[in-house]
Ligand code: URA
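Below you'll find only one chain, the form predicted alone, shown as structure tokens.
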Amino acid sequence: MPADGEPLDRFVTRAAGMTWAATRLAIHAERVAVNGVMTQKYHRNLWPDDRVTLDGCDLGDPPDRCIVVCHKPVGLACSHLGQDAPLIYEIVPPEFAHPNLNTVGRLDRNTSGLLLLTCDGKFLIRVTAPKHKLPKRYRIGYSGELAADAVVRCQQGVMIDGFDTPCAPAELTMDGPGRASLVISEGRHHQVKRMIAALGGKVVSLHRDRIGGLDLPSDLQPGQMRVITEDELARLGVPMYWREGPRALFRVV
């Protein structure tokens, strides 16, 4: 069944494996019906018991395989809780909006940069699970002075407050006064900030620009998002088992 609240045009695009242009032409031509009634309302929200047909044929509800790449701006929370507003989901365009859409990991409110969103739970776990050790790079602005042996300590595993075991080995690069880059393969709560604090500094700005082999796309300005490309998926470095099938990659044309 269609997911509660999913826009009609998005559902038809996903369920029928059509492009956005083809979907909207079909709706405009009254080839799409909801509960037996033809409609031309592209953004009509669907409910669990709605029945959608295209040319008289029922459209099932296949798993949503859409992967969205986003340039997260500072100031938005990766949360579904209203009390945490403003939320990243508030800037998701209608064509990507879905009740089951989640961020792949989190960037805190004051962190900007590369963020992925999806409804695909297997993909989410494959990117975020520590056992897969997918590296993520952060550009850091900090105050104070880092320990002289900061680079070596990161390589060996830094102990941070709140944990009984050291962080996994990480790669720290000093980029200039008050600037550094850190590559980590874990996702402990506020890990980068805690690591820099353990090394003697205080993070004043934080920006993630790489996950795996995928750099933040240069065509995305803060607040913008789009469907990830095949090439970007390959560079991300995640196995493509979840791309099987004719409707595996949701495309906007």
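Residue indices: 1-based, along the sequence shown. Just so it is clear, the structure is predicted and the values come from calculations on it, not from any experiment.
The next section is about a form of this same protein that is not shown, the form predicted together with ligand URA.
Remark: of stretches 36-44, 23-31, 51-59, 191-199, the one touching ligand URA in the predicted bound form is 191-199 (heavy atom within 4.5 Å). Of the residues given (88, 107, 116, 172), 107 alone sits with a heavy atom within 4.5 Å of ligand URA in the predicted bound form. Here is the short version: of 123, 138, 96, 142, the single residue with a heavy atom within 4.5 Å of ligand URA in the predicted bound form is 138. In the predicted bound form, at least one heavy atom of residue 206 sits within 4.5 Å of a heavy atom of ligand URA. Among residues of the shown chain, residue 103 is not one whose heavy atoms approach ligand URA to within 4.5 Å in the predicted bound form.
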